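One chain comes next, on its own, written out as structure tokens in the form predicted on its own.
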């Protein structure tokens, strides 16, 4: 296989990105998942280098200054970003999946114009809200904030390369895998 590509997957909270990505990874061995770096402390059961690279704020800011991130952002007083070197290394053996929000997706496209951007849409706003409520771990305030954020994120889909509706996780995963094959 020739060098892999960056495949950016975005979509609102509750759209099923994690499930779709897991199904894609089960079906294909030429895919790997990008591990983000963060300055937040690890949660119980999170493993450094698997769930995130947990690094200090000082080191993160040094990496920003050296241009070592494809994209980065600051959420809730913590940095999150995609280390460029890790993505480059993984692309030597296949495609690299990035699960990031629209601002990060724009930054990746600027840094790597060959990246393929896929936005996952819910079948409807009602279904998105049903999924968020179905988690059972989200407060009413968080649901309303996520729904407001979802509207903004969905407005960004026009500049993505592809838009896919997740009305069935297996079908959605298959459609994105077909996009990857078409783009390769």
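Here, rigid core means the biggest group of C-alpha atoms that superpose within 1.5 Å across both forms. What you see is a predicted model; the values in this text were computed from it and never measured. Numbering follows the first chain given and starts at 1.
Unshown form predicted together with a small molecule; subsequent notes refer to it.
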Contacting member of 57, 135, 27, 66, with respect to the small molecule in the model of the complex [4.5 Å, heavy atom]:
135
4.5 Å heavy atom contact, residue 75 to the small molecule in the model of the complex
yes
Do residue 52 and the small molecule come within 4.5 Å of each other in the model of the complex, heavy atoms counted?
yes
Does the 4.5 Å heavy atom contact test between residue 131 and the small molecule in the model of the complex come out positive?
no
Please determine whether residue 157 contacts the small molecule in the model of the complex, using a 4.5 Å cut-off between heavy atoms.
no
Core-superposed C-alpha of residue 74 shifting 2 Å or more between the shown form and the other one:
yes
Would the C-alpha of residue 146 be classed as shifted by 2 Å or more between the shown form and the other one after rigid-core alignment?
no
